[in-house]
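Before any questions on how it binds or moves, here is one chain, the form predicted alone, in structure tokens.
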Amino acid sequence: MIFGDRPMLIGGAFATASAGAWITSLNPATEEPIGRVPAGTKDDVMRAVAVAADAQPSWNERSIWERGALLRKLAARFRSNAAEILKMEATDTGNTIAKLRADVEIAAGYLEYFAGLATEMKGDTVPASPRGIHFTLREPYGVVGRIVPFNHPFMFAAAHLAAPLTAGNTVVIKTPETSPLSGHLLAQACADVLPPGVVNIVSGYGMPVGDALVRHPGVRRIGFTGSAATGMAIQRAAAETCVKHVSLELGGKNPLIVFPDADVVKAVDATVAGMNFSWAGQSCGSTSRLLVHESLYAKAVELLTAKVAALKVGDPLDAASEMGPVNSAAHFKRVMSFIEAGKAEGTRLMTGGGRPAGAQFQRGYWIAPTVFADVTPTMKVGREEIFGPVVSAIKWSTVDEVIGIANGTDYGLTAAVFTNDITAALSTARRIDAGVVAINSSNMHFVGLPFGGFKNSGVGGEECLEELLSYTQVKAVHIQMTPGR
């Protein structure tokens, strides 16, 4: 399936890169070229920011009702274009199409949610003096930069337009260098629905496009989803230019803790569901560490191995497929290096560990769903984020021990606790260093509640009012009243 050349969107018009270069996107299932996007330059970023800055005042002058109506119209466009988006996204990312369907609905739903949340951008009045009126206002930053990862490129780009646009900002998006094609479908929808310059989409490599966007002095608000290493690089680059508000949703090495009284079948089912095999485990929230009490460990490993081994690996466009390939050649090499490290460190490889059997899997970036048992917290597979289809099972005996294991990484994004003891559940949730904790579930995303991490998993909560407010600045206003009037 070939999608051809897919230009960028700058100032309401489609554009190629100023230097004329292109990035060829490969189908990760076959390694065949499927389309091209412009390899943007610093000059392209400068132009996109300039037109976004020009468009921002008139966008902000529209009422929240006008902005909300346009966001709802954009949401409707996503739904009407869902079949085209899904076909391109599955082909370009390797994510399986059955589960990928939710990405379009999530993006549309966020636009509608934040459009309806606009009246909550409230200030405060404070009785700070006897003859004064003192209050605060919320105002947009101006131009916002959003940098999008490869695992859900359409959803992360589209859904996280909602908060900055509702707040009155304009946006420049940098798409991922792998799986960039659906950015053009987002660009088409934005060009049809929104005023020129309100949303601009620049494709290209992190250097120079991402770096130029982060360093631009006119972009005071940046949102990034991706790896901790890149997040820290963004913080450094931003700070070298000026003071900026940077929110980061980064990686995780997320524990799912199973207490001795838990239903081990449900816990294992939740682990497999939480691993997000539908996108080959390439998810910051994947439940990649199964921490099981010693009394249930053997049974849990047996159940986990059987369930993971039974996953149907196949064509991402086949609705029956439960897992496709990983995203790129570089990422295939990275994930396989972790698997080889796990084998060398003395774990028990229970299933997977290489390419799936079959001639159809010898070309492309295929890795069989993998389970390691007898993992210890000091092993590489037990402490570092793999971002692939690999689960590590770890045994524990005391509560203090498992809390130490859970908190013993640089990450703190999500965690899950399985127990029927409400005291144990809540006390464990309090002690875990993570931004999101689920009890007897691995579902971590609920609109209206923040999703974000502690430690190197990021800063700032998304999917809630906090995200909307984070795209505003607070201004204090003081009115002195004339005595006697």
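Predicted, not measured: the structure shown is a model, and the values here were computed from it. Quick note: we count residues from 1 along the sequence shown, nothing fancier.
One more form of this protein should be noted, the form predicted in complex with a small molecule, which is absent from this view; the next part is about it.
J.: Can you work out whether Phe451 and the small molecule are in contact in the predicted complex, taking contact to mean some heavy atom pair no more than 4.5 Å apart?
T.: Flag for Phe451 set to yes.
J.: Do Leu165 and the small molecule come within 4.5 Å of each other in the predicted complex, heavy atoms counted?
T.: Flag for Leu165 set to no.
J.: Given that the small molecule is not shown alongside this chain, does Gly226 nevertheless sit within 4.5 Å of it in the predicted complex, heavy atom to heavy atom?
T.: Contact check for Gly226: yes, within 4.5 Å of the small molecule in the predicted complex.
J.: Flag Asn151 as yes or no: does it have a non-hydrogen atom within 4.5 angstroms of any non-hydrogen atom of the small molecule in the predicted complex?
T.: Because a heavy atom of Asn151 falls inside 4.5 Å of the small molecule in the predicted complex, the answer is yes.
J.: Only one of Gly109, Pro356, Gly206, Pro196 has a non-hydrogen atom within 4.5 angstroms of the small molecule in the predicted complex; which is it?
T.: Exactly one residue meets the criterion: Gly206.
J.: Of the options Ile234, Leu181, Ala75, Leu304, which one has a non-hydrogen atom that comes within 4.5 Å of the small molecule in the predicted complex?
T.: Exactly one residue meets the criterion: Ile234.
J.: Please determine whether each residue of Thr175, Gly252 and Cys284 possesses a non-hydrogen atom within 4.5 angstroms of the small molecule in the predicted complex.
T.: Yes, because Thr175, Gly252 and Cys284 each have a heavy atom that approaches the small molecule to within 4.5 Å in the predicted complex.
J.: Residues in which of 132-140, 95-103, 380-388, 262-270 have heavy atoms within 4.5 Å of the small molecule in the predicted complex?
T.: That would be stretch 380-388.
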